[in-house]
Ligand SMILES: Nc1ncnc2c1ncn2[C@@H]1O[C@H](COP(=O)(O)OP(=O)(O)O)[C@@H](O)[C@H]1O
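The chain below stands alone, shown as structure tokens; this is the form predicted on its own.
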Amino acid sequence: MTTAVVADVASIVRRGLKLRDDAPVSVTEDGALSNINYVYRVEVYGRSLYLKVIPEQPKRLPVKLPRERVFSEAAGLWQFRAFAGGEVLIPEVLFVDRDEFALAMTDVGEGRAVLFNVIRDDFDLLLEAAQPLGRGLGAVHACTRGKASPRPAQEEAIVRRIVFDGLLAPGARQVFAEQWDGIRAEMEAHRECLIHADLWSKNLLVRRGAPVALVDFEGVCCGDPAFDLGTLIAVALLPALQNPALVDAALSFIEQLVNTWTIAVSDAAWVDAVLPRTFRATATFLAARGFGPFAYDMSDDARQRVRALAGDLASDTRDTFDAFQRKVVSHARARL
């Protein structure tokens, strides 16, 4: 990181927090927290915060995006924080710099680890988060049901195209090409509530005995609650498909997540409509992480299990929770 970049970031922070021009500001870039933006950890007067600077040209995507998406992310953060009810920890927006397209947020790390880095060795950290995640997401989904998207229509269309064409389609077409067009149409058609849309294990910060923290609201939009639920289910299943000894723990997480989400949304008809879509969404996310452009590192056996389970889930339009569980056990414990 150059001296000029440090000076620019420090200037943004001083201006946003209304500090003196000579206030001491320490800046460290944290590239692990974002694939497409520039994220800096900032220390000022003993206080830690994060500053995200939104570029027109994302770091790892061959497209240009409107920098104004920073305002949509801030709006999504405000709404998630307002409706989650303290079940999960969500950064507070400190300020938005409209000239530099920068967003400052509180630091929710507080000794937490990125779930992606620890889940294979300490799956219990995900299990602890199951019920709070279910309650928090259920509250957000229910409270924002039927509300307008925080994104302008043109911006949302661009984001959706990147997600579906660039991130999800490549893996899905490798695993269940015949079903993909129908699943994609279904996932895009249901714009029912506010969703995070990127609840991968790299965006979940965990610490034993403390609330799970959610970060990176870049993709927040109006969408299908099955998108958020399916992502989290895939987060639990991927380690279990790598290590079948984790199957029971993964299914316990999924059952607790779904049950608490169901109670929180408090609408049986909506639950009955969302759950079958959730299992097909799970198939898409498994395929994306097994065979997509940012595929996870896994054994050949695990990748075969991912392919088999994702293909099976994609082929059934009315899976019940019991049927879903049977498929998981069958494929995760299959002899290869």
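These figures come from a predicted structure and were not determined experimentally. Don't overthink the numbering: it's just position in the shown sequence, from 1.
The same protein has a further form, the form predicted together with this ligand, not shown here; the description that follows concerns it.
Within 4.5 Å of this ligand in the predicted complex, a heavy atom is found for none of 238, 298 and 306. The stretch from 150 to 158, 179 to 187, 241 to 249, 101 to 109 that comes within 4.5 Å of this ligand in the predicted complex, counting heavy atoms only, is 101 to 109. A single residue from the set 81, 202, 207, 135 has any heavy atom within 4.5 angstroms of this ligand in the predicted complex; that residue is 202. For the options 171, 76, 91, 223, the one in contact with this ligand in the predicted complex, meaning a heavy atom within 4.5 Å, is 91.
Not displayed here, this ligand is approached by residue 218 to within 4.5 Å at the level of heavy atoms in the predicted complex. Put simply, residue 36 is close to this ligand in the predicted complex: some heavy atom of it is within 4.5 Å. In the predicted complex, residue 30 approaches this ligand with a heavy atom inside 4.5 Å.
For residue 270, no non-hydrogen atom is located within 4.5 Å of this ligand in the predicted complex, even though that partner is not displayed.
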